[in-house]
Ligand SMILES: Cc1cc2nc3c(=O)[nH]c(=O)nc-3n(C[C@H](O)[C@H](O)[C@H](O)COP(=O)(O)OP(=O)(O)OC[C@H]3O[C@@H](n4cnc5c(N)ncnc54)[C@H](O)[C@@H]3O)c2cc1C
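Only one chain comes next, encoded as structure tokens, the form predicted alone.
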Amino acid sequence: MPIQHTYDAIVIGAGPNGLAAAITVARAGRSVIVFEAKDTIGGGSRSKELTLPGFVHDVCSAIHPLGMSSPFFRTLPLEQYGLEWIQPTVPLAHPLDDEPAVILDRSIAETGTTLGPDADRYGKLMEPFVANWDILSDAFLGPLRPQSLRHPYVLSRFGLRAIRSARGLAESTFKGERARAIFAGVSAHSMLRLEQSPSAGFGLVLSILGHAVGWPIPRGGSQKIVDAMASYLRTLGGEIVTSTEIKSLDMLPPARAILCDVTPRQLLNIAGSRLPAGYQHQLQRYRYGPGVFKVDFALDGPIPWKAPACSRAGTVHIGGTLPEIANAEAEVWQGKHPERPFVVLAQQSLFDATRAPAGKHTVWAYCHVPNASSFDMTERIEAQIERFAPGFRDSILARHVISPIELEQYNANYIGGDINGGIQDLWQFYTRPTIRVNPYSTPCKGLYLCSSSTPPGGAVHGMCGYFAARTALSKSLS
């Protein structure tokens, strides 16, 4: 490696968390360099022309409620470096067979108009949490720490519901199919069985975010988030080197701290014998969850939804009723491939004209599958979309398919296609990657983990990198 300088900190991986760690270190006046294995930065926040020229697709993440509301991102001047958020007319639509779609609107009252008999119940559930989102985000978007206990009434009220299973909370709170269905869809982002704790917590957080900040998209693609972060980092003196895969810590120049935006399996390969045997054993026991099978479409026109509300939504959840979605997610955990999978679909080009040529459109869609699956779910995903949008297939100009294995090849943090950096069940939510007072530190002096395999887990928010860097600053760079 030609670089001979000594740095205060080195970051391995230029995804959102790696860049967040580097920015935090640089803001403290320390020197930092980031090494990225791929030829472009981004990790889970990249955009490319995957299908046809002029059609810009988000390779991994696409919709960013936590990006816009992240306590760390809110401190960054990213808009000065080209990031522009777009709010779709409606954050989310959830179609049902032969009836109007359920919507998650920015307004709780408007959402209620699509919930039938559960409008008041939904309002009573959501209103206190939306009003206190700043308290909830400060407490839960990070490790367990003193401020997690500053507002015991608000936090305990939320926690008692969040710790439940999505199915249990939905069936005990709502009486009708419509409210249960939309809550099942938002909860399925957990990639847990809907009968499993704390899947309700994911549904609550995503619903609260829909009302508190929306489910926005970055104009021009998710790549714009990391490009803005990189530009800001460079103004602080930080350096980024791409096309450099770090296979061993011995490859690195001297540094007082090394922060790794990698999962436990990769850390074992990179750090090797420097890690104590007991810690290595704990990392080996870290559990990865289901993978995703993703299809990007270039379309000749917008999706011909039967329910008009779906044409106003940035995100559409396709899966039908709560029992249908619960069954599909349970089958994945049983090692099966659902005939009717739960599909997360984003239609960014309806709101961002930079994504496709005039009159054409892009669609981003994925479903959950067993980890490292090689089964082709293209036909089943298309059938689910066609179910609620007859004629969809006739509008397809091209498609690009990414299997779980190909996702891991593209982004090494997606082990077996697991986009969350590991299972986020009750046991592994705060103890990721191991049980430690500080989850970002390791027994190896100066070595830290800053990936989504640490709290608060997956999504583009930078909080894992921020907290890891704060740890490094206090322990190794003080």
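One-based numbering along the sequence shown. Since this is a predicted model, take the numbers as computed values, not measurements.
Only in words, not in the display: the form predicted together with this ligand, which the text now covers.
Novice: Can any non-hydrogen atom of residue 448 be found within 4.5 angstroms of this ligand in the model of the complex?
Specialist: No, residue 448 sits far enough from this ligand in the model of the complex that none of its heavy atoms falls within 4.5 Å.
Novice: Counting only non-hydrogen atoms and a 4.5 angstroms cut-off, does residue 413 reach this ligand in the model of the complex?
Specialist: Close contact exists here: in the model of the complex, residue 413 approaches this ligand to within 4.5 Å, heavy atoms only.
Novice: If we define contact as a non-hydrogen atom of the residue within 4.5 angstroms of the partner, is residue 458 a contact of this ligand in the model of the complex?
Specialist: Taking the distances in the model of the complex, the answer for residue 458 is yes, it comes within 4.5 Å of this ligand.
Novice: Heavy atom to heavy atom, is residue 32 within 4.5 Å of this ligand in the model of the complex?
Specialist: It does not: once this ligand is placed as it appears in the model of the complex, residue 32 has no heavy atom within 4.5 Å of it.
Novice: Only one of 463, 10, 14, 23 gets a heavy atom within 4.5 Å of this ligand in the model of the complex. Which one?
Specialist: Comparing distances to this ligand in the model of the complex, the residue within 4.5 Å is 14.
Novice: Which of these residues, 97, 245, 406, 120, gets a heavy atom within 4.5 Å of this ligand in the model of the complex?
Specialist: Contact with this ligand in the model of the complex is made by 245 alone.
Novice: Does this ligand, in the model of the complex, lie within 4.5 angstroms of each residue among 329, 368 and 430, using heavy atoms as the measure?
Specialist: Not a single listed residue reaches this ligand in the model of the complex, so no.
Novice: Among 123-131, 288-296, 332-340, 390-398, mark the stretch whose residues have heavy atoms within 4.5 Å of this ligand in the model of the complex.
Specialist: The contacting stretch here is 288-296.
Novice: Since the partner is left out here, which residues of 219-234 would have a heavy atom within 4.5 Å of this ligand in the model of the complex?
Specialist: Residues within 4.5 Å: none in this stretch.
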